[in-house]
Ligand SMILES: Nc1ncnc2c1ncn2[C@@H]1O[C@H](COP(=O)(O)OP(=O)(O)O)[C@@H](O)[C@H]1O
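As a starting point, one isolated chain is supplied in structure tokens, in the form predicted alone.
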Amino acid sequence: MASSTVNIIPVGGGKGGIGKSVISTNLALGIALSGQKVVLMDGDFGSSNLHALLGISHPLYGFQDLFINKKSPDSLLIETGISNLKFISSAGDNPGSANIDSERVKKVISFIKKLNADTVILDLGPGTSFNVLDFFNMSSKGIVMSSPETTSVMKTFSFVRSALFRRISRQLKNLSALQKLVDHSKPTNADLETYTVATLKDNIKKIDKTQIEKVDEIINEFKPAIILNRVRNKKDLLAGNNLVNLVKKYLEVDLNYIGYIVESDRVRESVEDMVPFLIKNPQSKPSENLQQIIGTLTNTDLHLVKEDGRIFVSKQVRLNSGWDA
């Protein structure tokens, strides 16, 4: 029997190679160690590699089996060897798996919502295809990831804008004149001014000003969080604040900066060894950074200690919620 409400956390980002899969894996692991039932899901239908980060070499089943072999949803859940944590592969090795049509996207979304879990972490593929955006928009509290470089910050901004415009577009789908205004999910130029929410609202007012209230409602409900990865110094940290300010100024969205992960050889080593860094080095700086992020997401203070090859978890519940404020 599935939980009445599964907390779905899609993890997206405009740019590939920013460590999204590594952070998603460790995030899922940490939330599982905090006591929740977690399913980590590979949502990169084009190049499935998340299983390797968990030390799983060849997943028996993946998402394609939902459609091809008509497998039952439960058979897709793979044991990870970590209590409370199950994994679902996207089976990206199957030809054509990247281009799943909208009917299949609906099927996958319905499948995710019925999972027997407290939290589902969905690691999305890079970019802003409609598939990626629709999976991200399953929840109003997805996580976007960025590295501090300007190109990554701008791609992340574009990702948030695309997700928001896609949300608005889906809500206004019966109004074809307004649809054209939000079909700028993939702007060709980098000019922020061109596709601001203010401009969009001005154009909507010219066609049907009664819809402005609806648009404001959609914007207010959209509350993604940001994690900055590969931070090397204090200047890098500011990239997160810059993103928050950009998103507020041009999109009127409150982006929640929930934490950062420092650049570290420990992370690279853990990927090579196919062991999540949270288990391999729970007292390393990246692990400490991640434990703080998990604390914000789960409203707990989580501390992991490794002694004689065993992980000890201590957890204290906070009285005030950091993420709902």
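Keep in mind that what you see is a predicted model, and the values were worked out from it rather than measured. Numbering starts at 1 and follows the sequence shown.
Beyond what is shown, the protein has a form predicted in complex with the named molecule; the following relates to that form.
Trainee: Among 279, 271, 293, 54, which has any heavy atom within 4.5 Å of the named molecule in the model of the complex?
Mentor: Selected option: 271.
Trainee: Only one of 119, 162, 156, 229 has a non-hydrogen atom within 4.5 angstroms of the named molecule in the model of the complex; which is it?
Mentor: Going through each option in turn, the one that passes is 229.
Trainee: Do heavy atoms from each of 32, 37 and 304 fall within 4.5 Å of the named molecule in the model of the complex?
Mentor: Not one of the three qualifies.
Trainee: Using a 4.5 angstroms cut-off on non-hydrogen atoms, would residue 267 count as touching the named molecule in the model of the complex?
Mentor: Flag for residue 267 set to yes.
Trainee: Examine residue 65 and determine whether its closest non-hydrogen atom to the named molecule in the model of the complex is within 4.5 angstroms.
Mentor: Heavy-atom contact with the named molecule at 4.5 Å: absent for residue 65.
Trainee: Although the named molecule is absent from this view, report whether residue 18 comes within 4.5 Å of it in the model of the complex, heavy atoms only.
Mentor: Looking in the model of the complex, residue contacts with the named molecule include residue 18, since a heavy atom lies within 4.5 Å.
Trainee: Taking the shortest heavy atom distance, is residue 261 within 4.5 Å of the named molecule in the model of the complex?
Mentor: Although the named molecule is absent here, residue 261 would touch it in the model of the complex, with heavy atoms inside 4.5 Å.
Trainee: With the named molecule taken in the model of the complex, which residues across 130-145 come within 4.5 angstroms through any non-hydrogen atom?
Mentor: Nothing in the stretch sits within 4.5 Å of the partner.
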